[in-house]
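Heads up, the chain below is alone and in the form predicted alone; it's given as structure tokens.
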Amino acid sequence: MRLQTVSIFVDDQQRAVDFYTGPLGFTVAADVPLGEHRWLTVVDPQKPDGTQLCLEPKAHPAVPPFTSALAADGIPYLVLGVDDVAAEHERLQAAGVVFTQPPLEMGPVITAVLDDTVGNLVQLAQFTG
């Protein structure tokens, strides 16, 4: 058994794919029209057979209150591992990405939190211990 796909709920699928394939550097793994929405996944280009991230529309009525509450409380919905949080923070800020938390060392991990522009906070994590 392996982790195949995880979902993140997004306000707008096209803006999401633009952000996740633009500044964050993922590549599209699947883009299948499904009525008014798409089965849209992205993947790490270094691991094309790795876990895919589904950019899931917020179509279910339970989703907007849930994701809004997380964002209002500053809670990231997704954690992305990176080798160097400080370098990614600098690179992404230069690309116009907005951070809600700059790099912060917390024991065995350094984290930073960014706004993905489609309703979510995303944490970058560098494990040091």
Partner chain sequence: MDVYQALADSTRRLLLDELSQRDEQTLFELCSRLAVHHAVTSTRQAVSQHLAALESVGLVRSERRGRHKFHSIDTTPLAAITDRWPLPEDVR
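Positions refer to the first chain, counted from 1. All figures in this text were calculated on a predicted structure; none of them were measured in a lab.
One more form of this protein should be noted, the form predicted in complex with its partner chain, which is absent from this view; the next part is about it.
- Only one of I75, V63, A86, V28 lies close to its partner chain in the predicted bound form, with a heavy atom inside 4.5 Å, and it is I75.
- For the residues L24, V17, L121, I110, the 4.5 Å heavy atom test against its partner chain in the predicted bound form is passed only by L121.
- Proximity of L80 to its partner chain in the predicted bound form falls outside the 4.5 Å heavy atom cutoff.
- At the 4.5 Å threshold, heavy atoms of A71 reach its partner chain in the predicted bound form.
- At least one heavy atom of P102 is located within 4.5 Å of its partner chain in the predicted bound form.
- Taking the partner from the other structure, its partner chain in the predicted bound form has no heavy atom within 4.5 Å of any heavy atom of Q13.
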